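Before any questions on binding or motion, here is one chain by itself as structure tokens, the form predicted alone.
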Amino acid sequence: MSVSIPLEQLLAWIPPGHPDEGLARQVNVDRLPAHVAIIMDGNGRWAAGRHLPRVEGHRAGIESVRDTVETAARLGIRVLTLYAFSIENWKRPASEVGTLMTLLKRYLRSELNTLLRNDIRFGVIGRLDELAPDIQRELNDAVERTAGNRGMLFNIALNYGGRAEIVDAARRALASGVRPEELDETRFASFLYTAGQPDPDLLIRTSGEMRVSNFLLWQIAYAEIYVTETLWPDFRRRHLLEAVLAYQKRERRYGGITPAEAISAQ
């Protein structure tokens, strides 16, 4: 039996006989989540468990980002959004915030060619005008240089908050002159940071925490939530495949009933 092109791309990347190969072959590429969103949590606990400074957890998490982005792109995911830095994260020590921003710049510089080579388009969501000018320049450069790519859209949520996004969308709607009677859910969604993108089908949170942490509050209304005890620096291809397989075993209802329930009710 032949396999689809996305699955072929993923299998070509996995060493023959590797345990991940078996997981990849179980994936139904016709039922992939169009948009996967991930709350990357556990960097601090990962570092503490190794008696390392907290920032070392952030450094280790870069490899997880790299592996997850490439896996998602090869699998055929249309949109991947990673929660990198929340509005609330400014409350952390200045040294930690500075390290996070430095790591972000290094990642963009080191991975830009990889994004281009894999036809991945880069995007950013959040209040970007509040970031330092050098960070804005790096982000804008990556967005502009990958704008012509036609593969997966890779979003980083930076200086982001779900409530802030809804407030910003309301302000944009008012500024556009939309009358109240003209504003419905579809129209309102066009003012969000993610306008034109599919809502997340799958929300993954690492480190076992059972919170959505002010992330994509509007967009995750019907997302399937998958929580793993794995700390973000340990998250790899296998964990993403496991999350996708768990997603594919669920019946998505959107507030209704499943076909099986409809038949049994007759």
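Don't overthink the numbering: it's just position in the shown sequence, from 1. Computed from a predicted model, the values in this text were never measured in an experiment.
Absent from the display: the form predicted together with a small molecule. The rest refers to it.
Contact here is defined as any heavy atom lying within 4.5 Å of the small molecule in the predicted complex, and by that definition each of I39, G44 and H58 is a contact residue. Of the listed positions (L108, L100, L153, A169), a single one reaches within 4.5 angstroms of the small molecule by any non-hydrogen atom in the predicted complex, namely L100. Proximity to the small molecule in the predicted complex, defined as a heavy atom within 4.5 Å, singles out one entry of D141, E130, D119, E96, which is E96. Proximity of R237 to the small molecule in the predicted complex falls outside the 4.5 Å heavy atom cutoff. Looking at S213, you'd find a heavy atom of it within 4.5 angstroms of the small molecule in the predicted complex.
Taking non-hydrogen atoms only, R205 approaches the small molecule to within 4.5 angstroms in the predicted complex. Although the partner is absent here, F85 lies within 4.5 Å of the small molecule in the predicted complex, judged by heavy atoms. Contact with the small molecule, judged by heavy atoms within 4.5 Å in the predicted complex, is confined among 191-199, 77-85, 175-183, 108-116 to 77-85.
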